[in-house]
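Presented below, as structure tokens, is a lone chain in the form predicted alone.
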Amino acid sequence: MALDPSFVGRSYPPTEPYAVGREKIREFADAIGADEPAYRDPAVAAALGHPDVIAPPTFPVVVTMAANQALIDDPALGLDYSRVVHGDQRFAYVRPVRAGDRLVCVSTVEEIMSRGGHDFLTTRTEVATDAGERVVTVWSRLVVRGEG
């Protein structure tokens, strides 16, 4: 089943706030092998001008994956997740994610196209604090492999 192109421009409801904690940042940094002291030590982060430890640049994947679940679960879109491979990820930062943030995401289907028997789905997720401060925009491209 092909993706429904009428979904381009559709946004999904905001997620519940995700509380970013020092421990979650440390766990993520450990998982990706990032040893930057500002990811673990509040004094180092403060010396760099941050109010608390900051997260590695790819940390927003943690919250955007949850935001995109509504899209994945929408049967009308026609997305067969068993055929999905990750194609691309981009981040445009306003400021780093930091411990103490309460992040809310709104995902929008930005593009749907077909090439060579495969469908491509690009989402744009706006990540902001629950007070409305923009933090980062995340684009994700999923490739839905064709059946042939």
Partner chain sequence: MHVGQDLAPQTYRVTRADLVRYAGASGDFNPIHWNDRTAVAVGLPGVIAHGMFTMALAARAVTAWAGDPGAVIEYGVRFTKPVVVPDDDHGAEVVVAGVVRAVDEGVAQIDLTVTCSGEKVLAQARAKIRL
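Every value quoted in this text rests on a predicted model; they were computed, and no experiment measured them. Positions refer to the first chain, counted from 1.
The next section is about a form of this same protein that is not shown, the form predicted together with the partner chain.
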- Message: Considering non-hydrogen atoms and a 4.5 Å limit, does the partner chain approach Asp41 in the predicted bound form?
- Response: no
- Task: Look up in the predicted bound form whether Pro51 has a non-hydrogen atom within 4.5 angstroms of the partner chain, and give yes or no.
- Result: no
- Query: Can you check whether Lys24 is within 4.5 Å of the partner chain in the predicted bound form, heavy atom basis?
  - Reply: yes
- Message: Whether Ala47 contacts the partner chain in the predicted bound form should be assessed with a 4.5 Å heavy atom distance threshold; does it?
- Response: no
- in the predicted bound form, residues of 4 to 39 near the partner chain [heavy atom within 4.5 Å]: Lys24, Glu27, Phe28, Asp30, Ala31, Ile32, Gly33, Ala34, Glu36, Ala38, Tyr39
